[in-house]
Structures are given as C-alpha cells and as structure tokens.
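Listed next as structure tokens is one chain, alone, in the form predicted alone.
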Amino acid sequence: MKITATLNEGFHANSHTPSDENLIPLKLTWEPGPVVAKDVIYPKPKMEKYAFSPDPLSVVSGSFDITTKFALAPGAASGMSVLTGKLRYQACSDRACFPPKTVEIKLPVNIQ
C-alpha cells in the first residue's frame, strides 16, 4: 500500500533518518488491525544545505511515496475494516523548522 505526500514549494521535511539527532524524523506507524504492518519503505532522502544549519540535512521535498507492506493478522475476520495510521513529520523552510505534526490516516480494507 502506497501513500503519496506532497510538501508545498519551498518546504522540506526531515527524512526518516535525519542527519541531526535533534530533528524529528518522518515516521509512519499503523495501529494493529486485521492486517499488520511488516515493513515501511520511505523515500530516498537528499542531503541539502540550509542557512540555519552548518551541516547538510537529510530531507525529502516535493511529492514522495511511503510504501507499507502488510501481512494478514492471525485470526483476522473477513469483511470490511478500517486501518488507522499516523504520519509524523517536521516541515521546514530554508530559514526555520516548524513544530512537528502528526496526521491521522484512515485506510479502508476488505479482508476476503
């Protein structure tokens, strides 16, 4: 399952592996349900230099995909269900980083 995210022009987000331990990483998590997240594949980050940091930062920008590989949970019942996930990120401009945000994601699934 693939989620596409888009950041406005002039903004970036820290990657899932930020180059500075004080920065908030991009992170997608899923609550347990009829399927279980087995692997989350993040976009390949770019190393970019910004005026507010002496060192290049590991970031994503523009439109990018985050893919999750799921497996059927033991004892999962058939039928319609909704998976709930959370995408946490910290958006930044070329001058400053904003407080981190968490966006809830709802994904309908049909177990057959």
Partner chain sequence: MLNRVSKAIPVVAAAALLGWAACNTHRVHTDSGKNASGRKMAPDFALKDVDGRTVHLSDYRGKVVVLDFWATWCGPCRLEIPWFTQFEQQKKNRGFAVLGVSMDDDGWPVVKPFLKDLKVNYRVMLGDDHTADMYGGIEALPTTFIIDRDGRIAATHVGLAGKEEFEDAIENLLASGGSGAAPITSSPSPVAPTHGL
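Just so you know, these numbers come straight off a predicted model, no measurement behind them. Residue numbers count along the first chain shown, from 1.
Just so it is clear, the following notes concern the form predicted together with the partner chain, a form of the same protein that is not shown.
K.L.:
Heavy atom within 4.5 Å of the partner chain in the predicted bound form: which of 82, 41, 72, 47?
P.N.:
Spelling it out, the residue with a heavy atom inside the cut-off is 72.
K.L.:
Heavy atoms within 4.5 Å of the partner chain in the predicted bound form: does residue 90 have any?
P.N.:
Looking in the predicted bound form, residue contacts with the partner chain include residue 90, since a heavy atom lies within 4.5 Å.
K.L.:
So in the predicted bound form, does residue 59 come within 4.5 Å of the partner chain, heavy atom to heavy atom?
P.N.:
Although the partner chain is absent here, residue 59 would stay clear of it in the predicted bound form, with no heavy atoms inside 4.5 Å.
K.L.:
Within 4.5 Å, heavy atoms only: does residue 100 come near the partner chain in the predicted bound form?
P.N.:
Close contact exists here: in the predicted bound form, residue 100 approaches the partner chain to within 4.5 Å, heavy atoms only.
K.L.:
Given that the partner chain is not shown alongside this chain, does residue 28 nevertheless sit within 4.5 Å of it in the predicted bound form, heavy atom to heavy atom?
P.N.:
Residue 28 lies outside the contact set for the partner chain.
K.L.:
Could you list which residues of 15-42 come within 4.5 Å of the partner chain in the predicted bound form, counting heavy atoms only?
P.N.:
Read in sequence order, the residues that approach the partner chain (within 4.5 Å, in the predicted bound form) are 20, 22, 23, 24, 35.
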